[in-house]
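Single chain ahead, written as structure tokens, the form predicted on its own.
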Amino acid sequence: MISYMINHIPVLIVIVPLCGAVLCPAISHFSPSAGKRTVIGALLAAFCMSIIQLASVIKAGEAFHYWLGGWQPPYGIEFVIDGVNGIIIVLVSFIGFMTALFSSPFEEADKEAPFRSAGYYSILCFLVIGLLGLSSTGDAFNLYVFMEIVALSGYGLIAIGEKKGPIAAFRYLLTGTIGASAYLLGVGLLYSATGTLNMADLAIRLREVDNMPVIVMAMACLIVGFGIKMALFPLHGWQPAAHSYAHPAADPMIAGVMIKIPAYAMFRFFFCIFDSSLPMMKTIFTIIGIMAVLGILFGSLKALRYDKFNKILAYSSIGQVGYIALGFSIGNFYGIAGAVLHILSHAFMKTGLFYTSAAFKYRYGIHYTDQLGQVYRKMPVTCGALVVLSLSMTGLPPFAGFFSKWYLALGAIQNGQYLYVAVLIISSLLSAIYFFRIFERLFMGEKTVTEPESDAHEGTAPGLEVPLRMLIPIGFAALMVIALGLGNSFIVNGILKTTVMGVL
């Protein structure tokens, strides 16, 4: 029985959360707390299975292929798990579980609408399902299906957020639809040229295609599609409002993970499907590099303009996504390793920072940085995590953010792309300015907070700044940033190297 389950882990990682998402509303009709725990338990099970799956892939030293329904590709749908997406699946399931745990006090505070909690947890679980499927699939059309599951879930979580949430969700709906349509058009062009949707089969058949205009048009559509989904400059218009006004408990998942997985999908297409020897690839990577550089500078400069904490983090994310795209444009081992490592590190950095932002809102209703004066006296753990995560975002050792930028710089130097190195240094300095400005207000500003007047925080145990269900995810985010920094060599050389070198 155990052996049977292990063989089916790739699909069980998606099915178990799906069962949790579907059962949650029904169970919540009898017990809202039981419905919520069903989702949390399902996501915990998915995380445990993802660990087993990654260990199996590492032990085998090769990718694991799972055929849904036993139908052999290219006719059937295939899940492909290698070292890169194996670790990304662990990332998605872990942060999904932690975010579900973190959300619990927020939903308990809304006692007038207990069934609203079931809807929230189901939507959050569907978001995780979409991201897990998007990371696992080896089929181009199936990737579109999971991409739409992610988008629909994102619309809902943004719309039920702050007062301007519905407007932000509608803006994301419009631009997200354009991105999905662009991706689907690109896949349609590839299908017309090859007659297949299986990614591995696409890679083989594209080598025999002579119709280069169709391939170029497909690449352009994919850049637009993935660029919108990952908020790559100048296709980022939906992102600042969405990250600023989404549900405060779901915002960490949206900002930290939702925009990273399309970046991984871009890697799958441009390095695993398209032949690097194609004459237009150099031009494609140059275009991606220009978008990345402009995004890094734009996001960093825009973050300097704002005092609203979530706005700073939102524009910072535009710059951080630029780092990932920059690694793809560099195109060598160090560049791609830096990009993938930055997907992992930034997921924890930005998720953790949005956890701290939500904790400030939960305890004191803080939205702006000038309201942070002396908060560290009341919330030392949260503020300590904020410092660690911010220093990592700035790129200081020994945190994860430093090493991802280090690999990007090594890749750029290896290619003689010294402009990229200069951009990395300038953006790090700009990041230091807006994060150290937050530190100044946090530690040296005048006291601005008072004890909460309402009983909305009755779930907080004596001596704790926020409920333990919120402190645990905050602490884990900070610890993972340190662990990824100290263990960067194992991740790059022990997990990523075989897969990345196999596609170069």
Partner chain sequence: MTIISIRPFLAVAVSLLAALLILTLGNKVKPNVREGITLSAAVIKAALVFSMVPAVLSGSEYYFCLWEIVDGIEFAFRTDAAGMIFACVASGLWIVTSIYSIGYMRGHHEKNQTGYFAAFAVCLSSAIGISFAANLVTFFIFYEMLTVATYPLVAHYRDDKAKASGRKYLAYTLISGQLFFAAIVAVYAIYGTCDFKAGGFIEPGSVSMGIMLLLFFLMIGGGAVKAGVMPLHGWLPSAMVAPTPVSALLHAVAVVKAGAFCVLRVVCYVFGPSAVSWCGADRILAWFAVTTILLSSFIAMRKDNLKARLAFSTIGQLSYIVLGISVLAPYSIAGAMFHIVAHAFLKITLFMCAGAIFVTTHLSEISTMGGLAKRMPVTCACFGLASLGIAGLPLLAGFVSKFNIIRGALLMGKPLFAAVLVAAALLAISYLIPVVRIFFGKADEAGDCECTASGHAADVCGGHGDATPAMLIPIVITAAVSLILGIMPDAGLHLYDLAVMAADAITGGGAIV
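Numbering follows the first chain given and starts at 1. Because the structure is predicted, anything quoted here is derived from the model rather than measured.
This protein has a second form, the form predicted together with the partner chain, left out of what is shown; the following refers to that one.
Stretch 398 to 406 is the answer when you ask which of 245 to 253, 231 to 239, 398 to 406, 119 to 127 has residues with heavy atoms within 4.5 Å of the partner chain in the predicted bound form. Contact check at 4.5 Å (heavy atoms) against the partner chain in the predicted bound form: all three of F333, E446 and V492 pass. When the partner chain is considered in the predicted bound form, only one residue from L419, L429, M280, I167 comes within 4.5 Å through any heavy atom, namely L429. Contact annotation: of the candidates L297, M217, L184, L410, the single residue with a non-hydrogen atom within 4.5 angstroms of the partner chain in the predicted bound form is L410.
In the predicted bound form, L391 approaches the partner chain with a heavy atom inside 4.5 Å. Although the partner is absent from this view, Y376 contacts the partner chain in the predicted bound form, with a non-hydrogen atom inside 4.5 angstroms. Taking the partner from the other structure, the partner chain in the predicted bound form has no heavy atom within 4.5 Å of any heavy atom of L12.
At least one heavy atom of L486 is located within 4.5 Å of the partner chain in the predicted bound form. Of the residues in 266 to 300, none comes within 4.5 Å of the partner chain in the predicted bound form through any heavy atom.
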